[in-house]
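Only one chain comes next, encoded as structure tokens, the form predicted on its own.
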Amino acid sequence: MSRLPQPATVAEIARLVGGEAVGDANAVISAVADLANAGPTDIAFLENQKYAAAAAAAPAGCLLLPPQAKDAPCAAKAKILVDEPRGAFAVLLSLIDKSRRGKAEPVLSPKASIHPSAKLGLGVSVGDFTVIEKGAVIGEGSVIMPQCYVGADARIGKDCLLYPQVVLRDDCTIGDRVIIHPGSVIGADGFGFTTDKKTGRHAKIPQIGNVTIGDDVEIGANVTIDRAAIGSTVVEDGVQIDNLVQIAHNVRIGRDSVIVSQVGIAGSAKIGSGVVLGGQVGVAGHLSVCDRTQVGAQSGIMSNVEPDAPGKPGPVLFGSPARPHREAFKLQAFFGRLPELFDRVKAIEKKLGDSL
């Protein structure tokens, strides 16, 4: 349970989230909570009907519900009907988050190392032991927390937040309102080398490109995005990247895609817009994945992914190699029956004997 910055009536919250108040619109709500722990002055949400029974029993003061659940059993004295309950709940969480953070005065730590040629906009904060190299540019209102490294000629947009121990290598660029969580490395050298056919010795291919990240991107903890060999590794606007993701050199990820934890994308792959890659998905190099493709966890993309028809969203895939998900689930069911089928074949062979 987390308290709102100030108590509000159900009617006020409904106006805030663009929903319709049903029941006691004057009931006062002071906090947000999950269904299991919501009390009479708390607001919770129901999005998945799988939890309808929990919503029916929850003694919450108010529930955020989709319109189709208007007449569902509900112990709460008030409801707010809204198309996307989770999104409405996120609006309330944002209010709480902002009130907790407050608006701290910008601070340039005397323990930071800031090159004289670096340019910092108004209201920039730089934490202890952060290093900002020559020619770097940081947009107004951005916060660079302790122990970060910003390389030479790197550019950071406005209102960005770099958590501790983020590394942004030289010449790399990030847009406005980007959040990068601890331990992530943006712009390490791509994994490029040649191998002498006679000796088997490897020689490094210099990686002289950069990484370009768009606006409103969030990058989780311990993510690595490699710089391009030539040109740019590109993450477009609105992309959401979970923890522990590896994005190789010269990859391009289209806007508003979602990359879940432990995904690995090999060099020069092109990921379309609105793509969802589930946890531990692997994408082979030099492939393209079309817009709005969805790939289930632990799947392997081994060939180009195209829409079923022009103008249609990409397919839903699963498996390794990835296949249309219905086909993949069917094959999984067959795999489970293989021991039984093997025993049956052996029995038939034994029965037929020499006639085989």
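Numbering starts at 1 and runs along the sequence shown. Everything quoted here is computed from the prediction, not taken from an experiment.
FYI, the form predicted in complex with a further copy of the same chain isn't displayed, but the following is about it.
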Open item on the list: I need the one stretch from 198-206, 136-144, 117-125, 71-79 whose residues put non-hydrogen atoms within 4.5 angstroms of a further copy of the same chain in the model of the complex.
Closed with: 198-206
TODO: Answer with one of 166, 211, 178, 269: the residue that has a non-hydrogen atom within 4.5 Å of a further copy of the same chain in the model of the complex.
DONE: 166
- [ ] Report yes if any heavy atom of residue 171 sits within 4.5 Å of a heavy atom of a further copy of the same chain in the model of the complex; otherwise report no.
- [x] yes
Open item on the list: Is it the case that residue 33, even though its partner is missing from this view, gets within 4.5 Å of a further copy of the same chain in the model of the complex, heavy atoms only?
Closed with: yes
Open item on the list: Can you tell me whether residue 300 touches a further copy of the same chain? I mean in the model of the complex, with a 4.5 angstroms heavy atom cut-off.
Closed with: yes
- [ ] Mark residue 99 yes when one of its heavy atoms lies within 4.5 Å of a heavy atom of a further copy of the same chain in the model of the complex, and no otherwise.
- [x] no
Open item on the list: Residue by residue through 279-293, which ones have a non-hydrogen atom no more than 4.5 angstroms from a further copy of the same chain in the model of the complex?
Closed with: 280, 281, 282, 286
